[in-house]
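The chain below stands alone, shown as structure tokens; this is the form predicted on its own.
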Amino acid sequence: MSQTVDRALSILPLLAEGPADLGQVADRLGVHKSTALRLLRTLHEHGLVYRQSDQRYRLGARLFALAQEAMENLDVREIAHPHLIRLNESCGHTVHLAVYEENEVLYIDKVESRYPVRMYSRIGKPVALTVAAVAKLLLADLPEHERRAVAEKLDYPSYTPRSTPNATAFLRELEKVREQGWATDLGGHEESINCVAAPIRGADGRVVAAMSVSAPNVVVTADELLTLLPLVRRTADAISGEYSGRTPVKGTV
């Protein structure tokens, strides 16, 4: 039975490459055409493959519907939380998870620092779009015309001397973030707080969330915090893999 299931599932990635006839499927599986036909018929009955008028097979609409339903029911916070906990246990600093919804970037999860100096942030609170590292990642992933439209509508408060001053500078920063795949806020919102962040991507490669590690200068310097960037990126990659179904569940730290 397990071999039959394995063979049937092996047909799906073949058809993802494009339509294939019975002979091509049999050759790829290394089985007789009668065996391949039996497997294809079973998949066809469940709507996972479709037989075209030219007698070739392609992926069925039911497969796409199942994939869409699964994506809609995924909870990135639920998937990410164990990883955020492990990252916090490893570095000791505050860890945030944020998403972009209705023109705001919101924290949807937070793991507190083990140090007595805590950050004033809470789940459900919007972040400062023009300076927050997680906001930069989420906005940098928008199509160019959307990035520009958002940037031109924003106000640019001078939280600190390091705050982003205007739309031109913000768009330049977003392009840099988009190219390098990570972001920082080094005293842009609060002079004493630094932050490094990495993106969490879905199966299509788009950024669905962003996670960060933040700490005050009295605990670690900005340079010391930047040394955690590889760990932050590995954690984000692990969450991305689990969220998109590309990798098995495993520890990251």
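These figures come from a predicted structure and were not determined experimentally. All residue numbers are counted from 1 along the displayed sequence. Throughout, rigid core stands for the largest set of C-alpha atoms superposing within 1.5 Å between the two forms.
FYI, the form predicted in complex with the DNA isn't displayed, but the following is about it.
Checking R38, R62, R58, R28 against the DNA in the model of the complex, a heavy atom within 4.5 Å turns up for just one residue: R38. Of the heavy atoms in L229, none are within 4.5 Å of the DNA in the model of the complex. For G18, no non-hydrogen atom is located within 4.5 Å of the DNA in the model of the complex, even though that partner is not displayed. Taking the partner from elsewhere, H44 is found to have every heavy atom lying beyond 4.5 Å of the DNA in the model of the complex. The closest non-hydrogen atom of L22 lies within 4.5 Å of the DNA in the model of the complex. The three marked residues, R7, S34 and R51, each reach the DNA in the model of the complex, with a heavy atom inside 4.5 Å. Superposition on the rigid core between the shown form and the other one places the CA atom of P230 less than 2 Å from its counterpart. Once the rigid core is used as the reference frame, the Cα position of L29 differs between the shown form and the other one by 2 Å or more.
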